[in-house]
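Just the one chain here, the form predicted on its own, laid out as structure tokens.
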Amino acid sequence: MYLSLSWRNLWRNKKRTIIAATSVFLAVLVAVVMRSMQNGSYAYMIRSSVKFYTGYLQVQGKGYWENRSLDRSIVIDEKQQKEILQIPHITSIVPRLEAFSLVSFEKVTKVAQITGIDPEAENNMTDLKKRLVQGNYLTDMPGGVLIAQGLANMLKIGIGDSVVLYGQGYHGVIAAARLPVAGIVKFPIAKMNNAMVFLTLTNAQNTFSAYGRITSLAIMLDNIKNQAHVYNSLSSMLGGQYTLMTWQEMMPDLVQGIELDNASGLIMLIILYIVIAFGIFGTVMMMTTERAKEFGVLVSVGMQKTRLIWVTTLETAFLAFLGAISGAVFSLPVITYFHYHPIPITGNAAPVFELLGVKPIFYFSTDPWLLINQAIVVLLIALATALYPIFFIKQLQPVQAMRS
């Protein structure tokens, strides 16, 4: 009976009901789309950044992150690497040997980071081969090196020329090699483009006398949500022998940037919620006060105030449910469309994203919890406005209400 009465009362004034439900609908729609764009962009930025070089996790020697020395390199043989790959949610691992040395060609000498890589594993993770602008990739010329375009320009070196590496190897051994340039790669970040040299992992281990050793093992996951689970599994497997670092520890600037942007987004969302709350409250207050005479008559003929409160509360609940559910349902195809057709970023903002190695787009998330969370929040706000009719009816004086 209460449900029937509430539903029928709601449609006594169709225009008012539609306006109130539409305000809730728009609130849910805007909230879902805004949070979808924010969360999707964060996920895309994180995925692009970790894929660019670091991975979601890295296994390193103790103290290597603070002191980039070959003496802190580690040994993880093929058997251990296969065991790591068998951990659920790990999609790939990328072993690297990183060192710094002098790079010379004719009379020009520069300091560069020398990175020994598994060409196939590295390309699967970072798409290094796609950055090739001249020459061949290391799989086609395993005895050569890939040199960053900026560094190649400074050295005035080209494909087929031989570059000299000279530095310090494992335990202070002199590291020297003369290697041909197989290809030139281009990076969007100037620091990398001016100081990166890649060679095969075996070649690097021989050059720096670090046989069978690596400085890091980058790990990619199928989903960032599984990072904590993989971290715990890896920690148990490694047993404290090595240091296990997360992308948050390796890229604190990215974490801070996301947190700052997320905070500003939440502030905008709160402002939206406040505006909607006042809009719904105004509608509910109008619905209640204009029915004061009706309530007075009902109470006078014997209807209990508690039953009247139930009816008005259900009316508000119906109103909130109509708006919240329709908003969630309608927003799903919207965010799904933009998930598969991201909005491109143009103008002066585009180069900023490109400098970070991220494609300039607004990516949208289709996480179902976005719909559920925003619908619930707006629904609770709408239901909170039901407190006004409750207090109004409790303080209602039938005689005065009928005279109004």
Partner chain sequence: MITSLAWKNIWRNKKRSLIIILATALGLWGCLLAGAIWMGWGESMVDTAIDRDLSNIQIHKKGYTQNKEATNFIPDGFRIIKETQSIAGVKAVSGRTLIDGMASSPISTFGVKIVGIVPAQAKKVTDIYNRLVEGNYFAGNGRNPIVIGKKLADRLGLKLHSKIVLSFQGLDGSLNYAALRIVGIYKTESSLFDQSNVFMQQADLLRLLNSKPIIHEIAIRTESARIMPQVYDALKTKYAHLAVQTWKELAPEVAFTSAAMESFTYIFLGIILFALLFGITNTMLMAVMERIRELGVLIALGMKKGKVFAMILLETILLSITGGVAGIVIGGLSIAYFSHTGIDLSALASSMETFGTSTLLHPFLPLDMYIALPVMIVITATISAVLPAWKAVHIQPSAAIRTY
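Rigid core: the largest C-alpha set superposing within 1.5 Å between the two forms. Quick caveat: nothing in here was measured; it's all calculated off a predicted structure. Positions refer to the first chain, counted from 1.
What follows is about the form predicted in complex with its partner chain, which we do not show.
- Of the candidates K225, K156, K130, R178, K156 is the one whose heavy atoms come within 4.5 Å of its partner chain in the predicted bound form; the others do not.
- Checked against its partner chain in the predicted bound form, the candidates F187, Y231, Y166, F318 yield a single residue with a heavy atom inside 4.5 Å, and that residue is Y166.
- Its partner chain in the predicted bound form comes within 4.5 Å of no heavy atom belonging to I74.
- When contacts are judged by a 4.5 Å heavy atom cut-off, T366 does not count as touching its partner chain in the predicted bound form.
- None of the heavy atoms of E120 is located within 4.5 Å of its partner chain in the predicted bound form.
- Residue contact check for E83: none of its heavy atoms lie within 4.5 Å of its partner chain in the predicted bound form.
- Considering its partner chain in the predicted bound form, the lone stretch of 250-258, 86-94, 236-244, 320-328 in range is 250-258 [heavy atom distance within 4.5 Å].
- In the predicted bound form, the residues of 91-130 lying within 4.5 Å of its partner chain by at least one heavy atom are, in order, F100, S101, L102, K107, V108, T109, K110, V111.
- Residue displacement note: F198 has its CA displaced by under 2 Å between this form and the one not shown (rigid core superposed).
- Once both forms are fitted on their rigid core, the CA atom of K129 lies less than 2 Å apart between this form and the one not shown.
- Taking the rigid core as fixed, one finds a CA shift for Q168 of 2 Å or more between this form and the one not shown.
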